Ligand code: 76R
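The chain below stands alone and is given as structure tokens, in the form predicted alone.
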């Protein structure tokens, strides 16, 4: 009886060790971006069976990850020669994100994947979002509406509905699998005389309002996901743009660079362009077609 209890306790301890409690942010999702190079010479030396085994294992891992609740996984062939493929994973639990990313790469071990860039961030709300009190002041000061008027109350109700959707889309987005994605990390300058973080809040908010107005011009053409990485990675934000053509990606980034928030204070990291593919299509493009 004592041995049985000891075995049960041992199994319980192993379960705890192998499955730590979920690590979930107060709000939002954890996000991992990763881009890799593979060894083309090594891939060309693999047998058809090795290619088939790799394909089966990779597709199995993809299915398992995508089956998890509140989880999205995007696979990209990287059009920039600096990397061969990449992925973006959004999920609440950081332990699940970490283990999934590692399992995914282990499944491609025969390709000798080499990390080019990996980035951790979280979905978050912007601190520069218009508040209810600010919107109410706008209705009174700019439109001359009184708080007890029907039009005022109707516009406030519409604002609350709109902001509720905005917050949900920012924190728990359901992203489109459009043909093209662009990823880059970015931050704000801290150089003397040009330090974003020394500006008064209202000035920063004014800059970001103009920046947002530029982005809204591309509604329906480019979907922007801005995730926060302060304290989690090297820069302050990760930017992911989804579009149907590289033309729209190029256009929005070009136009935004003339906006003062970017022209005066932006600090950009490397850019990666991903082409959305199915797992089978991606492996075939990497040279893992089982028939070859």
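Numbering follows the first chain given and starts at 1. No experiment lies behind these values; they were computed from the predicted model shown.
Separately, the form predicted in complex with this ligand exists; it is not shown, and the next lines address it.
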- prompt: If you check in the predicted bound form, is residue 172 within 4.5 Å of this ligand, heavy atoms only?
  reply: no
message: Is it the case that residue 212, even though its partner is missing from this view, gets within 4.5 Å of this ligand in the predicted bound form, heavy atoms only?
response: yes
query: Closest heavy atom of residue 126 to this ligand in the predicted bound form, within 4.5 Å or not?
result: yes
- request: Indicate whether residue 189 is a 4.5 Å heavy atom neighbour of this ligand in the predicted bound form.
  value: no
query: With this ligand left out of view, which of 76, 184, 96, 207 would have a heavy atom within 4.5 Å of it in the predicted bound form?
result: 184
- line: Picking from 152, 159, 196, 178, the single residue whose non-hydrogen atoms come within 4.5 angstroms of this ligand in the predicted bound form is 196
message: Please identify, from 56-64, 27-35, 42-50, 250-258, the stretch that has a heavy atom within 4.5 Å of this ligand in the predicted bound form.
response: 250-258
- prompt: Relative to this ligand in the predicted bound form, which residues of 234-252 have a heavy atom no more than 4.5 Å away?
  reply: 237, 239, 241, 252
